[in-house]
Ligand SMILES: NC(=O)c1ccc[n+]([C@@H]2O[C@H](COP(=O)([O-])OP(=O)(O)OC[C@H]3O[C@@H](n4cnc5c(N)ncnc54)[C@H](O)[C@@H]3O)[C@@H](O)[C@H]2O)c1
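Shown next as structure tokens: one chain only, the form predicted on its own.
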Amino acid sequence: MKDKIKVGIIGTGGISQLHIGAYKKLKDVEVVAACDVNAQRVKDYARKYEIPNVFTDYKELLKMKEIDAVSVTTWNNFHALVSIDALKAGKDVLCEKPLALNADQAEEMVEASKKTGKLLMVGFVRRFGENAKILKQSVDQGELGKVYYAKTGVIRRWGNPGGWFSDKKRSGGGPIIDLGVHMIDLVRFLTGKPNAISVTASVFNHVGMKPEVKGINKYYPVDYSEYNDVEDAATSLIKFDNGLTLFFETSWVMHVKEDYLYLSLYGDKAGAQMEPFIEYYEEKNHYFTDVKPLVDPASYDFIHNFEEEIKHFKDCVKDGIKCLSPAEDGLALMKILDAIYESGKTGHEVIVK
């Protein structure tokens, strides 16, 4: 067993900063290479994080025999291509969410992982939050009873980032594939990974980017532009094979008072919410009660979640532990997202295959 695993990072945009930050905290990991199509950006990145090898062609990075694993943090449209090539090159892969642009690509990725025997982990980072761990344990132990209904959403008043995010060819879509990917996955993860059987959705594109809006701060990617051909918002009703029904909504741009995030589960013994903080709703001594676990506020921090995710990936690669976020879960999620987009387009219920 190696004392250290050696890692390459492919794609040095915003999300890669969270990967490299987490890798740098692990004593048994060494980041030895970075790649980006933007030569100056990857040079600056390598200088900042003291990475010795720099590439603008990811295939050259994959030729480095000493590299054990890679983080794929490119635009979404490169996730499948780069991950499959990395697996074939004998590297274990942590691919950022969404796993691909669609389920067909994701299926090819899963097959490549099986054929090569290399790990393909999908970056469902919210699974690694302390609130997710606590709630999943409650569900697994039967404390909520049968979970028959769930609601989740992430709503932004003005959050279309622009750049590659709002270019469908590169991103695959807007808030559904960017934000919904996390929330729908969390519900599946928490409730035992049921399979979706049908989706009825509405997908909206009425408001636009609103680049002229002032007074509210928002995130801008490094390649910001005002081009936009993705949805503003969406809502859907998703039914699963274990009897669970999920209501989901999301937006990048919507005329609401403020941004909000929520996830709630409803069981026949108790209910619970995971966001914005964890809380349980149950009966005790013939009274309804609200219970809040005492959780370290730091464990709600997104950086903490990335550190836990990267550490888990390292443990999978180095020690062969069972992956908490396997590619098959990313494929199941892509089938749901495809169905949401299809239902929004046709106006009819879509059966998930």
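This structure is a prediction, so every number in the text was calculated from the model and none was measured. Note that residue numbering begins at 1 and tracks the sequence as displayed.
There is also a form predicted together with the ligand; it is not shown, and the following applies to it.
Three-residue candidate spot 155, 231 and 263; no residue lies within 4.5 angstroms of the ligand in the model of the complex by any non-hydrogen atom. The candidate stretches are 204 to 212, 135 to 143, 86 to 94, 217 to 225, and the one lying within 4.5 Å of the ligand in the model of the complex by heavy atoms is 217 to 225. Here is the short version: of 180, 129, 123, 173, the single residue with a heavy atom within 4.5 Å of the ligand in the model of the complex is 123.
Residue 41 is the only one of 318, 41, 304, 312 with a heavy atom lying within 4.5 Å of the ligand in the model of the complex. Residue contact with the ligand in the model of the complex: residue 62 places no heavy atom within 4.5 Å of it. In the model of the complex, the ligand lies within 4.5 Å of some heavy atom of residue 35. With a 4.5 Å cutoff on heavy atoms, residue 251 does not count as touching the ligand in the model of the complex; it lies far away. At the 4.5 Å threshold, heavy atoms of residue 11 reach the ligand in the model of the complex. Contacts to the ligand in the model of the complex (heavy atom within 4.5 Å) from stretch 153 to 177: 164, 165.
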